[in-house]
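The chain below stands alone and is given as structure tokens, in the form predicted on its own.
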Amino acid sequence: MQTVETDFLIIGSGIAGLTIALRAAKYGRVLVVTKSEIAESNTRWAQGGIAAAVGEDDSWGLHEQDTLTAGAGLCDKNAVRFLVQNAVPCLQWLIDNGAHFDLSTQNGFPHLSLGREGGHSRNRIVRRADQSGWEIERALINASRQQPNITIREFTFVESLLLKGSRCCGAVARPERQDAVCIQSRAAFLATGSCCQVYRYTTNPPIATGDGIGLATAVGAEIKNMEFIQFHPTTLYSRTHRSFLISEAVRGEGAILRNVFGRRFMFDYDPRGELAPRDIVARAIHAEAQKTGSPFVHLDMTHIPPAELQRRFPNILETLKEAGIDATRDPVPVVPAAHYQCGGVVTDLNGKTNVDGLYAAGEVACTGVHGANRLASNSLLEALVFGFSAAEHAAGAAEPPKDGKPARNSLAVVPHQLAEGVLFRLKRLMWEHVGIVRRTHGLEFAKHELEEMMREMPVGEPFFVRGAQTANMLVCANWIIQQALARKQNVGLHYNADLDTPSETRDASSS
């Protein structure tokens, strides 16, 4: 097996991975590996923007309080304060690296144009129309390609991490249609994003298969809060077109949720109406759909001036038009879909895991910022802030040992002939029994079914990417189910209809 040496190995090329790469490049050689093309990441599809207290009527203290409120008492307060206090300088770094955001004129001078989303007490969303993630990814890719210390390997799948004793010292990767490569590094960073492809309906791209959770599990990294899967309340409902996220910012601009009979219903569930946190909105839509017998509700933006909609949401309007919907004239049918993984690989403020030499940042990580529910537009910020700190901390990492061994899960690859069938069963199982509203017997059934699926898989199968991704999704599903069963109180994104319900979530979940 060919051996490659680098100082810093980064697995993933979204905002977390490329931020780490650009910061770490000051201290040594950086190798970024990504299983698809460099631009294909969850970051690219983010519509909303980055939350930062840059407005005159705002402060990091208010941002902190909004984050803690959304997290329903389970946030790590030190992590939240670290996030909000570092938001503005990290945002400025992003702008200095070429990211362009919308501006407005105040007193004759240009200022960042700030949007507002659910759970925020102030306008603090820095955005680029409805393509903020695309703009951030564009800027970071351009900056990375201009940095001589950064090497990028696209279409390269990491199948296992290397361990020497208890220390992570690199990874085994497989470039497309080539033999495996052993990569030795002083520090390895997981920036692999989400596992939301375990669900039948998701806003995430096909790459979101939880590979980082699979890799981390195999080396004994701590995994926490996986039961807190955020379901985005408003994705396009269509029998003929792909699922498409309709940004929370649309509701922030005044869009209204109505049931199929035209009745506005959100104030029946929460005094904040359409601007309630996402878990409450998603459960309210679920409850309203059950009441009316319809699989969807309507998002109505027809009262907003068309010119304003076109200015703020050109990509959304165009995509809806391709599906035959003129959102300036017609309400949009929407349903919730799996959107964001709030838990993951546990890290400290420096992105460090409990495995020496292994770091994590972005959606794969559990920093403690989100608690039981992520505040809108804190995700890109979290990846940026903790990507910064992880790179700076890893600069002091020692040279790696030279004879690390691959650490693989017992189920490393699902056989080629079984992969698609396993995925179909898994996605349906998770959607029906481990989704927006859960029940204890459903979780127990899902646990039993998943165990059966894993027992049916033969060990030692030849490697292929789809099989390895499927194995990783089985690992992720197991974490979600086990931690959902262990959670004995309804809080944030976890709602079990068989448990007592706190007053804040009871109305949003009733049927």
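Since we're looking at a predicted model, the values are computed, not measured. Note that residue numbering follows the sequence shown and begins at 1. Superpose the two forms; the largest set of C-alphas matching within 1.5 Å is the rigid core.
Unshown form predicted together with a small molecule; subsequent notes refer to it.
In the predicted complex, at least one heavy atom of residue 203 sits within 4.5 Å of the small molecule. The closest non-hydrogen atom of residue 156 lies within 4.5 Å of the small molecule in the predicted complex. The small molecule is not shown here, but in the predicted complex it comes within 4.5 Å of a heavy atom of residue 11. When contacts are judged by a 4.5 Å heavy atom cut-off, residue 346 does not count as touching the small molecule in the predicted complex. Put simply, of 283, 124, 251, 339 only one has a heavy atom within 4.5 Å of the small molecule in the predicted complex, and it is 339.
None of 481, 33, 30, 52 but one reaches within 4.5 angstroms of the small molecule in the predicted complex through a heavy atom, and that residue is 33. The three residues 17, 47 and 193 all sit with a heavy atom within 4.5 Å of the small molecule in the predicted complex. You can rule out all but one of 204 to 212, 404 to 412, 320 to 328, 162 to 170: in the predicted complex, only 204 to 212 has residues with a heavy atom within 4.5 Å of the small molecule. Once you line up the core between the shown form and the other one, the Cα of residue 177 stays within less than 2 Å of where it was. Relative to the superposed rigid core, residue 248 undergoes a CA displacement of at least 2 Å between the shown form and the other one.
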